[in-house]
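Only one chain is included here, represented as structure tokens and corresponding to the form predicted on its own.
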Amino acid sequence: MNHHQIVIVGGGTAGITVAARLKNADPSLDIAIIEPSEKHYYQPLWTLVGGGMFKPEESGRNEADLIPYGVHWIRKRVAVFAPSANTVTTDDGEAIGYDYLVVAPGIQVNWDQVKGLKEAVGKEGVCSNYSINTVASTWKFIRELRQGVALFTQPAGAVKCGGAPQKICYLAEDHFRRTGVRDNIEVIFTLAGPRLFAVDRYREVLERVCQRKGVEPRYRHNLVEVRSASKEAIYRHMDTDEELIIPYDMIHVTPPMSAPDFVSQSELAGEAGWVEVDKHTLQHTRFANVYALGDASSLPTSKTGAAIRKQAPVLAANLLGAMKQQPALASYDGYTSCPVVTGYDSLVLAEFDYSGQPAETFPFDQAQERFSMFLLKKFGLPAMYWHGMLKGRV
């Protein structure tokens, strides 16, 4: 049986960053990453792709170029975890043993949980930023709309970056205004939750953004069906279970998401399906040699790359400590960041911790919309991601 000192499941943001940090700390470590994809995408850029500022291919790199030097890349897909036996099994039946396991396979996009969506997305005014295969359709339909209803959705449950569904709505509204068609278009943002943003400091700002832009938020609306032939969006009201129908001319859908099935059906998962880890040490609550971070973990914070940037050094430190029979001393405080784009020249940089308290980086009020923060999102953060974070440096 193939065996490695450390096996990392998932070669995305979390898996590569942790591997780089571990290798930087001890180049002699025997580490393997199990990841089937040939391409890796910087998904935070997809908001700007949908807004017409970048091409989809500019968000991607070859996975082979990102795997840290000296780390084994197993180009397969994990099917089964057997934590009691310290093995994982890939979908071709190969068992791989480990001393320590890091679980970081990301989040699963459940297109088929909205009836009609999987067949319609990318066509006839139905678009979504949540796949490299469909993100180009967002800009196409925003660009082509001259009148009617532009509809944007946010589902119940966790999604990648809780603020992301709003970003494309604000960019579209700004585009309509800049091209002189805004007065002909009704812009509606529907969400299953009761609030625009979890943290009051930023929620109040975003409510004012909505009001200023004339974007109508409709709360407790959960999209359940897209009827593309008649251009109707079907919702269930989260409180009354009433069916609601909103006609549209274009609709941007944020699909429901969950932990990957092979995670939620495993012994590693908690009740909600995520890998059950201590929220401070990132160590599994029942299997001491298992760790998790990122979107597939149970960590009660937003599922963002920025959160992973703070989780990775904690996980690496505690795992390296465990290898030396030392206690877990590093602690994650729940830090996350959500750069909420509010137009083609403005952004609110929300940063906060587990308690919902601001954990801001810069010495000014980040709750204000700023052009400088928009430039950070457009140019600074991608450079930091490719050249710093994935190298285990920041």
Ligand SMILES: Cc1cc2nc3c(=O)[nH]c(=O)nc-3n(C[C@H](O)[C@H](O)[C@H](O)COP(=O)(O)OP(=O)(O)OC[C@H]3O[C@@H](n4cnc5c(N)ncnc54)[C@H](O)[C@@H]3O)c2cc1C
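A residue's number is simply how far along the shown sequence it sits, counting from 1. Source: prediction; values computed, not measured.
Not pictured, yet referred to below: the form predicted in complex with the ligand.
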{"item": "Site check 35, 46 and 262: each within 4.5 Å of the ligand in the predicted bound form by heavy atom", "value": "yes"}
{"item": "Residue contact check: residue 155 to the ligand in the predicted bound form, 4.5 Å heavy atom", "value": "no"}
{"item": "The ligand contact in the predicted bound form: residue 130, any heavy atom under 4.5 Å", "value": "yes"}
{"item": "Residue 306: touches the ligand in the predicted bound form, heavy atom cutoff 4.5 angstroms", "value": "yes"}
{"item": "The ligand contact at residue 78 in the predicted bound form, heavy atom, 4.5 Å", "value": "yes"}
{"item": "Contact residue in the predicted bound form, from 51, 339, 68, 334 (heavy atom within 4.5 Å of the ligand)", "value": "339"}
{"item": "In the predicted bound form, the one of 175, 231, 160, 221 near the ligand [non-hydrogen atom within 4.5 angstroms]", "value": "160"}
{"item": "One stretch from 282 to 290, 187 to 195, 141 to 149, 103 to 111 that, in the predicted bound form, holds residues within 4.5 Å of the ligand by heavy atom", "value": "103 to 111"}
{"item": "Sequence-ordered list of residues in 80 to 94 near the ligand in the predicted bound form, where near means a heavy atom within 4.5 Å", "value": "none"}
